[in-house]
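First, one chain by itself in structure tokens, the form predicted alone.
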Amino acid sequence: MMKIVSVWNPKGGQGKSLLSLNLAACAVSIFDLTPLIIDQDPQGTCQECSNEGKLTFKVIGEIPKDKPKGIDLVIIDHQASDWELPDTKILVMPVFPTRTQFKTYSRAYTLAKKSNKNIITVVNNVDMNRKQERNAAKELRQVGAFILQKGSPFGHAESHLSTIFDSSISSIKDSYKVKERKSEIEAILTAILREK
């Protein structure tokens, strides 16, 4: 059965595209699934990466008229400033661990909760050396959020328009703590796949 998930937070710059790309790559690499990303972001980050030809999954720019065949997981990468609640039951909501980022996230989270959405919060780009970020991540983890730490694997992947699961690029494959970052993505995807 095909699973559909929306990566959504009306606040821009929270890492929705980065998360979408790496979740899809994890689905291929770890779970042997066939994912599809629907890139609804006008910036087209996922499509730009796809156009480079290094991704192991397909990215399209709009919701198809017909149900895609042979797809196990559809990830919809929503644009910033999109306050329309997605139709999907499962929402992945990334948020950066700084006070200025929480206001929009909190409003969107409340809206989604009132509509009985299954919400998976991802505290994204956490620098554990910064006390404020570490404490924010710890508080959210206590209420079920996942932590995705800041790290060089994401920077190397972004510079190659790829994902941290791309072992064909040595700067990604050999980057510091890449295994830990992959494990964090895998834990998020495992939670998504368990949702109903």
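A quick note: this is a predicted structure, and the numbers were derived from the prediction, not measured. Rigid core (definition): largest C-alpha set, two forms, superposition within 1.5 Å. The first residue of the sequence shown is number 1, and the count goes up from there.
The next section is about a form of this same protein that is not shown, the form predicted together with a small molecule.
Selected contact from 25, 188, 172, 18, since only one has a non-hydrogen atom within 4.5 angstroms of the small molecule in the predicted complex:
None of the others qualify; the residue that does is 18.
Residue 88 near the small molecule in the predicted complex, any heavy atom under 4.5 Å?
Judged by the heavy-atom cut-off of 4.5 Å, residue 88 is well away from the small molecule in the predicted complex.
Within a 4.5 Å heavy atom cut-off, is residue 149 in contact with the small molecule in the predicted complex?
Residue 149: contacts the small molecule in the predicted complex.
Can you work out whether residue 101 and the small molecule are in contact in the predicted complex, taking contact to mean some heavy atom pair no more than 4.5 Å apart?
No, residue 101 stays farther than 4.5 Å from the small molecule in the predicted complex.
Contact flag, residue 57 vs the small molecule in the predicted complex, heavy atom cut 4.5 Å:
No, no contact at 4.5 Å.
Looking at heavy atoms inside 4.5 Å, which stretch does the small molecule contact in the predicted complex, given the options 49 to 57, 62 to 70, 149 to 157, 26 to 34?
That would be stretch 149 to 157.
Would residue 41 count as moving between the shown form and the other one, using a Cα shift of 2 angstroms or more after superposing the core as the test?
Yes, shifts by 2 Å or more.
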